[in-house]
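Okay, so here's just one chain, in structure tokens, the form predicted alone.
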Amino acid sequence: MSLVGINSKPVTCDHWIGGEPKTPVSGRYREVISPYTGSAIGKVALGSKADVDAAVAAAQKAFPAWRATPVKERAQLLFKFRELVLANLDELAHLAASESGKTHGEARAEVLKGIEVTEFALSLQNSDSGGIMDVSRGVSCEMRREPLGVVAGIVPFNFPAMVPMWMYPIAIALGNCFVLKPSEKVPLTSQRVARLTKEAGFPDGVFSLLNGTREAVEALIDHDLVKAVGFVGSSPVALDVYKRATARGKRALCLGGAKNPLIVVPDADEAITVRGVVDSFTGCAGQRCMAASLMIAVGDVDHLIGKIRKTAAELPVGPGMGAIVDKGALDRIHRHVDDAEKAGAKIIVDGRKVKAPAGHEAGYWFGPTIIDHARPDMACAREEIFGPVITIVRAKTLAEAMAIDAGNPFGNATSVFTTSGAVARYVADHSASGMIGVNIGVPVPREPFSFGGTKSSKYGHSDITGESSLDFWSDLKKITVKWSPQSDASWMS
């Protein structure tokens, strides 16, 4: 298992401002630790208000010319960027896996999913052209999309390539200049992406990279020239960012956490269900907001639970499932499972004492874990654990299962495993989640269908991708025109 920084010089991740790397004004850095080994693979700059001011100033300087650039020319640069990402796919996947803990295959899929959003942004040159029409005698109305100016994205550790790509390709295609603040835990992928934007020909300042922690985040949100803020992270922080940004009159769309239920009914197809449930809660070691973390078992599905248990217990960490991002996250997962056991739930697959892959004993490992016979009011059934842990709650009827779903404080996704169209339609019609799956454990929509949840999984309006995202990253300008008087005047003449 090859990792970045092993047997090579650790990588230094500076800011990317004005089309080139910039050292932090304070001179401060922190180590970047690989979850696979627990050792440093690089260091990342810690940004301050001075660094934020420099990044925003560079973006603001670039904005007038970029705004005036025709959308087809912007799209051509994005197309070059897309080609460069594909040409460097394995390198980007290697970086993302090494710093976030996921497997190389998962990281590769992540980059390709980000490419989907880039391709949607490329389509805007043909699909989002506004329009003009006659609305009265001698009077026409035109609608155009106008960029906001300097916009920012604050993104988490778990998808260092994909989640930023939810934001900057669309925002940039619309004529904005973008400042990205990645998680300080995973700066290597973003640094490589910044260099690819330069190679693709992006004008200096159109894409900027600002590293750091809370100090940098707050200065970026507070900056007067930043017009909109996109955020992905935990729900408490998402709400804080939303309140801070909107209190300053900014546009904000902040995606939070989840507790995604998989509803399994007795007629579910065994092969689809077992694979779908296990892949959902163990993929990316459960460190994704679309992971299943709650299974609602309706009626007698013990035969399915037995197969799920066996499949999960045999999944090897390392080649089959990646690592936990850091020790703090690992300790938190341990506490959740310990607390569930103390509360009376039964641990039927226990990942607390998993054997680490040979040569990586110092990494952060937690095996697949299944908590059974939990009550809906237990913390393990309501709180986001963000690890390879699924909690099973039993329900006698589908109506009872939907009541448990309705009590979920989050609203990212709900899936149902069934061979009945009527059951599938009932769940789709009655769940309040923003994304619904039928026999799909991770129901992420494909572009141009948009990504976004409800309840405490999202603060703000619109979705982060797809058609809905256009209204977040732009304003609509309406122009009404009359050139000559009309003899048969109407109220609009």
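Remember, predicted model here, so these are calculated numbers, not experimental data. All residue numbers are counted from 1 along the displayed sequence.
The next section is about a form of this same protein that is not shown, the form predicted together with nicotinamide-adenine-dinucleotide.
Interface membership of Phe63, defined by any non-hydrogen atom within 4.5 Å of nicotinamide-adenine-dinucleotide in the model of the complex, is ruled out. For the chain shown alone, Tyr242 is not a contact residue for nicotinamide-adenine-dinucleotide in the model of the complex, no non-hydrogen atom being within 4.5 angstroms. For Phe120, no non-hydrogen atom is located within 4.5 Å of nicotinamide-adenine-dinucleotide in the model of the complex, even though that partner is not displayed. A residue is said to contact a partner when one of its heavy atoms sits within 4.5 Å of a partner heavy atom; Leu112 fails this definition for nicotinamide-adenine-dinucleotide in the model of the complex, lying far away. Proximity to nicotinamide-adenine-dinucleotide in the model of the complex, taken as a non-hydrogen atom within 4.5 angstroms, holds for one residue of Ala401, Val155, Ala173, Ala268, which is Val155. Taking a 4.5 Å heavy atom cutoff to nicotinamide-adenine-dinucleotide in the model of the complex, the contact residue among Leu255, Val416, Ala107, Met295 is Leu255. Residues of just one listed stretch (207-215, 191-199, 312-320, 350-358) have heavy atoms within 4.5 Å of nicotinamide-adenine-dinucleotide in the model of the complex: 207-215.
Proximity to nicotinamide-adenine-dinucleotide in the model of the complex holds for none of Phe281, Val393 and Val438, with the criterion being a heavy atom within 4.5 Å.
Although nicotinamide-adenine-dinucleotide is not shown here, in the model of the complex the stretch 367-388 places heavy atoms of Glu384, Phe386 within 4.5 Å of it, in sequence order.
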